[in-house]
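This document opens with one chain alone, in structure tokens, the form predicted on its own.
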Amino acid sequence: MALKPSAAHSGLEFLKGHGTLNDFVILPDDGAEVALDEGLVRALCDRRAGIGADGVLRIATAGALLDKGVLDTLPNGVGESDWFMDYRNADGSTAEMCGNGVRVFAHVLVSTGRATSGEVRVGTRSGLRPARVLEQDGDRALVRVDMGEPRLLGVSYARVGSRTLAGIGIDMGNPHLACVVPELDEESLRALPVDQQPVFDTEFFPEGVNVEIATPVRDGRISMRVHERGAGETMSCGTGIVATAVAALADAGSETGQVVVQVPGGEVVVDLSEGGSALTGPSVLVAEGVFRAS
């Protein structure tokens, strides 16, 4: 799939993909020619009148985004020639980082010939996130992403429905509140109204927060649901999965190790090491086409 941005009168060429059902519209826009404003993002992500997605991933070089004023400066470790994941939430807001998005983004770079197999440098607003396509069979791939070092922010809370849940604030380049609930099992997790906007401490999280709710670690596994800032409940959230693995291991008295995380969209693996983390999971490309806004 060697897509190129179309001329304005003929619409925008796009790909669509997902990582454990966290789905994205991908816009190949190497030179950052598209005016990716809030209205266009909302139109693309609209599940009735648009393509439908949790967010938009624009493919452009970091240098082009810098020249067009989309970026003010180059984030840590990112060079002008690096491919940059310009990520927008479904509501049009800009997001710093998305772990599932990086997997899909790296997969698309290799599939379209923009990158070769091996380590793929992916620039994000949270800095460089190297990714490696471990397996690829057509439009399906298994991708491992270096997610960087989680940063603990302290203890806070979220109210979900009638329940107030304690959690650990964790910075994964974007803010998370990971709530590991001691007595929670998969059935009671499914019953929680995670689709509703959680109430959280806006002084602790002035820019908003992604809220994760999870079961404790049992036999190296946890189950998790997430309400994402700017998108609502999604089937998966890569940065949230890593943040929740950190919280779940801490709850179990550990700082490092491997956790298999089950989300509504599938299963991924988190590896936590001293000063770092990695996320391994699937990427699936499902469509390509031309979007014509009404």
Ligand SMILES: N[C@@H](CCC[C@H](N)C(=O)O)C(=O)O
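Predicted model only: the values in this text are computed from it and were never measured. We number the residues from 1 along the sequence you see.
Omitted from view is the form predicted together with the named molecule, to which the following refers.
- With the partner omitted from this view, the residue of Thr112, Asn89, Thr215, Ser156 that lies near the named molecule in the predicted bound form is Asn89 [heavy atom within 4.5 Å].
- Residue in contact with the named molecule in the predicted bound form (any heavy atom within 4.5 Å), chosen from Ile222, Ala106, Val145, Ala95: Ala95.
- When contacts are defined as a non-hydrogen atom within 4.5 Å, all of Asn174, Glu228 and Thr239 contact the named molecule in the predicted bound form.
- Shown alone here, Thr124 lies farther than 4.5 Å from the named molecule in the predicted bound form, counting heavy atoms only.
- Of the candidate stretches 97 to 105, 148 to 156, 126 to 134, 190 to 198, only 97 to 105 contains residues with a heavy atom within 4.5 Å of the named molecule in the predicted bound form.
- Scanning 178 to 213 for heavy atoms within 4.5 Å of the named molecule in the predicted bound form gives just one residue, Asn210.
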